[in-house]
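Just the one chain here, the form predicted alone, laid out as structure tokens.
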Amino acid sequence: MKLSIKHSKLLFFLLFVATISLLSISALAHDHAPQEQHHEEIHASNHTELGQRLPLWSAIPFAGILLSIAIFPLVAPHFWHKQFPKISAFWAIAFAVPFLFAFKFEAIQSIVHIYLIDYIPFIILLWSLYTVSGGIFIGGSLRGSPKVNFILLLIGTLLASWIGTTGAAMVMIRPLLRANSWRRNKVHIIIFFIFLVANVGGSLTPLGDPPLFLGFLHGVPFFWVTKALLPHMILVVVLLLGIFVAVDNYWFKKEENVPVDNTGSSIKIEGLHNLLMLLGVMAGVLFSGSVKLPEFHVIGHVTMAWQNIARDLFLILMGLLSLKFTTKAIREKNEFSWFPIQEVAYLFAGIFMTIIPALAILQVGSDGALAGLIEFVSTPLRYFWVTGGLSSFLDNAPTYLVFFNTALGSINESEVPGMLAGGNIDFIIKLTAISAGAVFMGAMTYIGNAPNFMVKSIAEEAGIPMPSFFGYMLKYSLPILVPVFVIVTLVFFL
């Protein structure tokens, strides 16, 4: 394919940054690589030691892929649409090659861990939810009025804590798009859907969002977060829905050729058998967190648990059953395609690779390059904003775990249930701030939470011109969400 001058300049810039990354990370080999160790010693090296040795600039490829996601769709949309898998692979290789050269067996372990333990289960969960929800058709004469949109957003928000933000987003996004297909001004509707259904709505149970599930695995009782975050969630939902109604009413009054409102006269739901598969997905996730089966070594310090393998196989089965027992006609009515999940899979394959140094540095706390940031976090206010700020760009699950352990200090994890039940106010407030920051602020960027990108992709397939990465932040998340989070801070975390 012949590239324009503009595209050539962009590729040259990417190559320049990647070259700097290659030379910089490779330079570590002379000072930090375990060149004199025997294989057994290297085998025993752990992720914590790696995080202590990695410099902050080892995250340059991660910054590169984020900037690519932000800039390319804006300045070269057609090129990006065709080449984004290659650009994602480009940044992944730009990090992996020097990383393997500098850290050898440790790097292999880290890469195997991030893909086998994190990325593959992540994609399997998203694929199963996307496939099953794509078989549920909600049709009828829904007219996208402010009242109808309010109700759809509220239903999606309430569902998210029980079937997950991804499940709720995938079930509700298509009815919302159909209801508003006649409207000219509807980008704001999708934005608030991302805010509420794809993020804030998942606050009340470990099934709602991955960081809360991680807390459940580390001793936080299942319904503790329901009681702890309910007031915070109510405040955020009320504020966001109030803003939405005002904004949607403003744009609705500018619409022409408004259809007659026959909402409710002929609502129909097809593919209801997929609700069983959806419940099966949630049961599989809950099973993996509740049952402890033996583990086995994969390579080095990387281990896998049989309950997680059973979960992933069961989730795949749920997706396959949905495909088998859902008619093609239902998926066609939903305008179902595989592109949104493919886009997420390709982009996050690169993100998960390049995010390795950032997570490794965070996980060693005060022993790593971000020691100043970790030591800065000492009050509920700082826990809320720092956890949330990092969760906007990094994987919010490990970010949650970093600050969960920071708040826990030297206390053993086994004491968590007792501390939460016994009224350890300091720990309770800190953990509440960590949980709220990790869940709420996933809405700050498209990559803050997995369903954000999927909703964006589905909306674009429906012909809605969604804002760019920076456009989303500058026009929507910063001016709308930040004031809301400031109010949350003033009410709960001062």
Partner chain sequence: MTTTKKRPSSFYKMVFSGPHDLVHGFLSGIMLGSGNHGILWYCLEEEITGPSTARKLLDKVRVHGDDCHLIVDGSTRTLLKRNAKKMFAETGLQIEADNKISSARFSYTFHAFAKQYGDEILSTLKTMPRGVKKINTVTEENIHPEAKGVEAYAPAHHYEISGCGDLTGRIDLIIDARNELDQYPLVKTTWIELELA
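Numbering follows the first chain given and starts at 1. C-alpha atoms forming the largest set that superposes within 1.5 Å between two forms make up the rigid core. Just so we're clear, the structure is a prediction, and the values are computed from it rather than from any experiment.
This next part talks about the form predicted in complex with the partner chain, which is not shown.
Look at 417 to 425, 282 to 290, 355 to 363, 79 to 87: in the predicted bound form, residues with non-hydrogen atoms within 4.5 angstroms of the partner chain sit in 79 to 87. For the marked spot (348, 453 and 457), a heavy atom within 4.5 Å of the partner chain in the predicted bound form is present in each of the three residues. This chain appears without its partner; in the predicted bound form, the one residue of 156, 340, 319, 271 with a heavy atom within 4.5 Å of the partner chain is 340. Proximity to the partner chain in the predicted bound form, defined as a heavy atom within 4.5 Å, holds among 184, 227, 297, 328 only for 184. In the predicted bound form, the partner chain sits beyond 4.5 Å of every heavy atom of residue 311. At the 4.5 Å threshold, heavy atoms of residue 113 stay clear of the partner chain in the predicted bound form, well away from it. Residue contact check for residue 174: one or more of its heavy atoms lie within 4.5 Å of the partner chain in the predicted bound form.
When contacts are judged by a 4.5 Å heavy atom cut-off, residue 248 does not count as touching the partner chain in the predicted bound form. Residues from 455 to 478 that approach the partner chain in the predicted bound form with a non-hydrogen atom closer than or equal to 4.5 Å are 457, 458, 460, 461, 462, 463, 464, 465, in the order they occur in the chain. Once both forms are overlaid on the rigid core, the distance between the two CA positions of residue 237 between this form and the one not shown is under 2 angstroms. Comparing the forms between this form and the one not shown on their rigid core, the Cα displacement of residue 68 reaches 2 Å or more. Core-superposed comparison between this form and the one not shown: the Cα of residue 216 travels less than 2 Å. Pairwise change in the predicted bound form: residue 211 and residue 68 C-alpha atoms lie closer than in the shown form, at least 3 Å.
Three angstroms is the minimum change: in the predicted bound form, the CA atoms of residue 346 and residue 469 sit farther apart than in this structure, by 3 Å or more.
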